Ligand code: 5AD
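Only one chain is given next, in C-alpha cells, and it is the form predicted alone.
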Amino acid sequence: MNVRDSEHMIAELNAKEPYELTEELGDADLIIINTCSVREKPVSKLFSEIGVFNKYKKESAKIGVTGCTASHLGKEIIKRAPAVDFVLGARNISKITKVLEEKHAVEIDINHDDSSYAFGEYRTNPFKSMVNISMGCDKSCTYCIVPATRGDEVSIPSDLIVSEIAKAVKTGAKEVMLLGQNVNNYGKHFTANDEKLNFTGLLQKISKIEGLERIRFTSPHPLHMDDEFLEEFANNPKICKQIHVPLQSGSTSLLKAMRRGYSKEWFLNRCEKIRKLCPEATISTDIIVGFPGESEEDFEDTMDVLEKVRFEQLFSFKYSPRPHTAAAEFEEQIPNEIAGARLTKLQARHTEILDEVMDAQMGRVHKVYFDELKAGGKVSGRSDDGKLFFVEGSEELLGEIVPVKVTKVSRGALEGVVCN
C-alpha cells in the first residue's frame, strides 16, 4: 500500500509540477519520506532519516513526511524536526501538490475521501500494476493503529478500478495486485450508495478485462472468507493460487482479546477448505507473539496451527505497543525476553517447514511471469503460486509467462531453466 501511495504521489507531481525522479540526493529539490507506523521501529527511524537528509540536501530542497506516521504524529513531526516542510497523512495523498505551496503545511484528515479521485498513471514496474480497491479499515483490532491513521473503510467504485487496470494492461501489464486493508470486505461501504458489488463480484468483473492474465490481492481477512469467495479463488483461472490468511494468534481467547472476530477452529476450517478446493495453492500468514496475556498454552495453540497449515510464507513479529490502540493499555504485558524466545521457536520451526516445502519443488515445472532484470545475466519473476524464480536470460523474457523447470532450491527463491 505504501508503494502504491508513493506511485500516486509521483504521478501527481509529474502531472502538476515540473518534478522528475533522481537517484542523487544532492540534485533533489524535493525529498519525500513515506512512512509506516504499524510497529515502533520505523517511527524511531524516521527522525534519524530526517537528520541525514537535512545534512546532505541542498539548501533550497524541501523535505516532506507522508504516510501513516504523518497521520498519527502530525504537527509533532515539525516540532521535533523543524527541517520538515510539510506533513501529509496517508488518507490525503491527492493533496501532495497543495502542501508544497505552504511552509509547514499539515494535512492529516483521516476522514478525507479520495475514493473517487482518479490519480495519474505511474508504475514502478511496467509489467504489473498495483491498484487500491478500498481505503481505511472498519475493524477495531486492539493491537492495530491503522484505523487511526487511514480512517474508516470506503470502497473505490468498481468502474474506476476496472478503468485503472485496463489502462495498465494497454501499456504492458499482465498482472494486477488488488490492495486493501481487508480486500474481501469490499463493497460494504461505498461513498455513493448506488453500487452493490462484493469482492467476489469485483473479481469476476476484473477477470473480463482482455489482456489481463493474472490477479493477485492482499490482504483478505479470515472473517470474510465465505465459501463463495473461496470457490471463486479456486476456480477462476485468472486468480493466482497464492493467498494470505492473517492468523495473528492460534489461541481463540487471544483472538477474542485482539478483536479479530474468528476462532482458531474457523481459521483452520478456512485453510482446510482452501487446501481441499485448490491443493496447489500456497498460504501465507502474519503472526504476533507476546501479545498481552499470552500464556504458554496460547503460544502452543499458535504452534499447532503452524503444524496443521504448514504456511509457505510467514511474517512474524513480537507484539509492539502502539499509540491509539486498546492493547497498549492491557495488563499482563509480556516481557521482551519471553516474547523473543517464543518468536525464535516459531521462526525456527517454520524454517524447517519451509525447507521441506522448497526441497519438494526440485524438478517441478511452474509457469513464471518474468518482470525484472537482475545482475549477472539473470531475469526474475513469480510463479502462479507466488514463488520467486531466477533464470538466466535477457530482456526478451520480460513480460512473458513461460514454463520453467526448477533446478536449484533455497528458502527464499528457486532457480530454473526455461522449458522449450
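None of the values given here were measured: they were computed from a predicted structure. One-based numbering along the sequence shown.
This protein has a second form, the form predicted together with the named molecule, left out of what is shown; the following refers to that one.
Student: Can any non-hydrogen atom of residue 295 be found within 4.5 angstroms of the named molecule in the model of the complex?
Tutor: Residue-level check for residue 295: no, no contact with the named molecule.
Student: In the model of the complex, does residue 318 come within 4.5 Å of the named molecule, counting heavy atoms only?
Tutor: Judged by the heavy-atom cut-off of 4.5 Å, residue 318 is in contact with the named molecule in the model of the complex.
Student: Would you classify residue 248 as touching the named molecule in the model of the complex, given a 4.5 Å non-hydrogen atom cut-off?
Tutor: Because a heavy atom of residue 248 falls inside 4.5 Å of the named molecule in the model of the complex, the answer is yes.
Student: Looking in the model of the complex, any heavy atom of residue 254 within 4.5 Å of the named molecule?
Tutor: Answer no; every heavy atom of residue 254 is more than 4.5 Å from the named molecule in the model of the complex.
Student: In the model of the complex, which of the listed residues (108, 283, 144, 73) lies with a heavy atom within 4.5 Å of the named molecule?
Tutor: By the 4.5 Å criterion, the partner-contacting residue is 144.
Student: Heavy atom within 4.5 Å of the named molecule in the model of the complex: which of 378, 62, 39, 45?
Tutor: Here the answer is residue option 39.
Student: Report the stretch among 285 to 293, 100 to 108, 154 to 162, 229 to 237 that approaches the named molecule in the model of the complex to within 4.5 Å, counting heavy atoms only.
Tutor: Going by heavy atoms within 4.5 Å, the stretch is 285 to 293.
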